[in-house]
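Before any questions on binding or motion, here is one chain by itself as C-alpha cells, the form predicted on its own.
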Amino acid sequence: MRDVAVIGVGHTKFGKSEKGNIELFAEAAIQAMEEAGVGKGDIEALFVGNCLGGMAEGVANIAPFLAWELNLGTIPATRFEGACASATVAFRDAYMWVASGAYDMVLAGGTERTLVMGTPFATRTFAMGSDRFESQTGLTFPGVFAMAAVLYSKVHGIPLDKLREKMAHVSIKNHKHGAINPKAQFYKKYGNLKVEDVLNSPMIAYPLTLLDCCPFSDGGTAAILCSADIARKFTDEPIYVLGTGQASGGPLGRQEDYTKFPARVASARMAFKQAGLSPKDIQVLEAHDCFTIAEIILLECCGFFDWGTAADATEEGQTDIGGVIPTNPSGGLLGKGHPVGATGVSQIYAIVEQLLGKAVKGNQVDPVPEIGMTDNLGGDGATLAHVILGRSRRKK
C-alpha cells in the first residue's frame, strides 16, 4: 500500500441552503479542485457520502449525476451510506483505492440537504439510522444520547445534575468556535454561552436541552486525494493520510454498555495501529459531538482519557485549545452544523486547515499541529470511522 496525500479541500457554508444536493457538492468539489490545481481530466473516480437524498429530494443514485454535473464524464462514481459517517466511509474507500495503486487521483466528499424536510420528517429519517425495532418503537437520537447520559452518570457515580453542568462546557466550547467560523451554521451566534444558558434552554430529551444538541443542516464538502509520489507536483504542502479505521456495531439492546461503543474502540485502534501512533501523539481532534455527552463518551472510547474522566477533563479545559487534546476547534457538529452525509469530510477539511495553519483566528491551534485525527459515528454506534492525518509521510 503506497502513501496517499490530500492536496485540496472544499467546504460550503453550513446551514439552510436553497441549493440541492448536487449543487452543494459541486460547489465544494470545485473549491477543492481549484485549491489542488487539478482539472477534470485528472480525476479518475468519485466517492461521495449521502444519506438522506432519496427522502429529501427523491434522488438516491446521486453519484453519477454528481460526476456529470462536474463534467467528469464516465468515471466510476459511487455513493456511500453510513448514516452520519457516510463521508468518512467514502473518504476511507477513496484512500484505499489510491493506496492500492488502482487510481492516482480521486475526488471524495459528501453532500446533504436536511432542512428542506422540516423537523418532524427529518427526525423520522435520522432515526432510520438506528436498529429497526428501536426506531419503530419511537426511539430517536436525542433519546439515545439522553439514555447514554443517564447511564454514564450511573456507571461512573457522577450525579446527573453535576454531569449536566460538565456537559454544558462541551456546548460552550464548541459554540464559541462555531461563532467565529464563517463556514459554520451558527457563525456569529452563541459565542458567549454560560452554563446556565445551556441548562435553561428548552428541554429536548432529559437531560439534554436544545443547546446540548446539534442542528439539522445543509452542506457539501470535498477533498482531492492522490498518490503521495505525485502530490508535490500540485502543492508544496500536501497533507498525508497516516491511518484509517472502520468498525461495525449492533443494536443498542445487544451492547453491554453503550457509553463504551465497542465499534468506536475497534475503529480508533485500527487507525492508530496503521499510523504507528497512540492517542498522546494526536494534537488536534475533530469528533462527532452530535450531543454534548457524545463528545465526552468518544474521548474515552478513543483513548484520550480514562473511562469516567472525560467529563471532568472537559470542565477543566483539557479539550480547549491549549489543553491536552484540542477538540472540535471548528465548532464541531454543535457549532458548525451537521449535514449528515457531508460531515465526515467537513472534519477532514478542518484538520487539513489546522495542519496548514489556515484555520480562522481564534480557532487555530498554536503551535501549528503536526498530526490530527477525525472521529465519526453513524447511527447509534453502528458505523464508526476514523482518519489520522499528518504533515509528514508515514515512517516506514
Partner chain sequence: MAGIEIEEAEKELMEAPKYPLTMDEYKKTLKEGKLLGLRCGACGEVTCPPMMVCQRCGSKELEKIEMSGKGELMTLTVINVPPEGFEGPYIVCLVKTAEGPWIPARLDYDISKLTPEVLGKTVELKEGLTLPGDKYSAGERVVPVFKVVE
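Residue numbers count along the first chain shown, from 1. The structure presented is a predicted model; accordingly, all values stated were derived computationally and were not measured.
Keep in mind that the form predicted in complex with its partner chain is not shown, yet the notes after this line are about it.
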Q | Heavy atom of Gly253 within 4.5 Å of its partner chain in the model of the complex | A | yes
Q) Does at least one non-hydrogen atom of Tyr258 fall within 4.5 angstroms of its partner chain in the model of the complex? A) yes
Q) With the cut-off set at 4.5 Å between non-hydrogen atoms, does Arg124 touch its partner chain in the model of the complex? A) yes
Q) Gly143: heavy atom within 4.5 Å of its partner chain in the model of the complex? A) yes
Q: Have a look at Ile230, Val324, Leu160, Leu277 for me and say which one sits with a heavy atom within 4.5 Å of its partner chain in the model of the complex.
A: Leu160
Q. What is the one choice in Val265, Met147, Leu115, Leu199 with a heavy atom within 4.5 Å of its partner chain in the model of the complex?
A. Met147
Q | One stretch from 127-135, 171-179, 298-306, 103-111 that, in the model of the complex, holds residues within 4.5 Å of its partner chain by heavy atom | A | 127-135
